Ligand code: OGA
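Take a look at this one chain, the form predicted alone, written out in structure tokens.
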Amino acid sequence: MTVYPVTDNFAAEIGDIDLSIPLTEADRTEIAMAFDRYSVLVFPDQHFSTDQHLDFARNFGPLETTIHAVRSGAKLRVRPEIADVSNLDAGEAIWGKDSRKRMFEMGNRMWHTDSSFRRVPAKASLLYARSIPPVGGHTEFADMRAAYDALSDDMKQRLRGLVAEHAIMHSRRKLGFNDFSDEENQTLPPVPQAMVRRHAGSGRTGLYLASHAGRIFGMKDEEGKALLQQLIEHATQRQFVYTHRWRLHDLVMWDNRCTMHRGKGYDDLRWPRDMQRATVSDVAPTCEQEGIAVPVAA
């Protein structure tokens, strides 16, 4: 296995490894070390089945189930352990202009962290390109550790111990999407998440933000929203961002504990794009990991 860094500490390409076969312990350890350092790993030219995709993901923790499985009667195109980040419906046709899934998935074009709206959020996401459009559809990643390092000492002190409320509804409502069933509202309630966290693998401190964050406990709503927006704008400056231009059969694995990401636009009513993501859960809620008492309001 070979590691080709994009920068000294953020994003790397991994070569000379076939992810369709079980990892050796040495390879698993080396990938884990690279993951802790670079946060975004790109594995080019991988050819594997859904089972092999999931088997590789299990090396890093327990698998999540897609939130689309929550809605009763939902027809899934792929297995529930896979998040379907495509523009295809259950019949493999390109979605319609006004389809519910299209409106919902537009939220992925906002800066976010996968599953921060779950009580136990995501540790790692592993997105595989089964088909890609000829133009567009890049993914941008922001290094939240470098962004934290660049904050002033006063801002770091201000953020210490702060907790934000995250919900999938917060990010979708910013786009005018309100088509949530009672079942979804009950199953996906708002959750508290620490705004600053220490990364267990590297020991570095980073921001923990997402478009899913709707308010900060202990602050007036407008003040909290302004601070969240200020931090997201800071963390997504060009010097903190890696842009991935997809190639067919790329697998990209990123660390949700210390990155944000967003998908860029493409002609989603013209070109099929089949992207499938396995997601690995973190070990515990962020407040618990940071030793922060959950606010009474949460």
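Every value quoted in this text rests on a predicted model; they were computed, and no experiment measured them. We number the residues from 1 along the sequence you see.
The protein also exists as the form predicted together with this ligand; that form is not presented, and the subsequent description refers to it.
Residues with any non-hydrogen atom within 4.5 angstroms of this ligand in the model of the complex fall in just one of 162 to 170, 132 to 140, 214 to 222, 175 to 183: 132 to 140. Within 4.5 Å of this ligand in the model of the complex, a heavy atom is found for every one of 114, 263 and 277. Residue contact with this ligand in the model of the complex: residue 273 places a heavy atom within 4.5 Å of it. Contact annotation: residue 56 falls outside 4.5 Å of this ligand in the model of the complex, judged by heavy atom distances. Residue 108 belongs to the set of residues with a heavy atom inside 4.5 Å of this ligand in the model of the complex. Although the partner is absent here, residue 195 lies well away from this ligand in the model of the complex, with no heavy atom inside 4.5 Å. This chain appears without its partner; in the model of the complex, the one residue of 228, 85, 146, 151 with a heavy atom within 4.5 Å of this ligand is 85.
Comment: this ligand is not present in this chain, but in the model of the complex one of 209, 127, 122, 191 has a heavy atom within 4.5 Å of it, namely 127.
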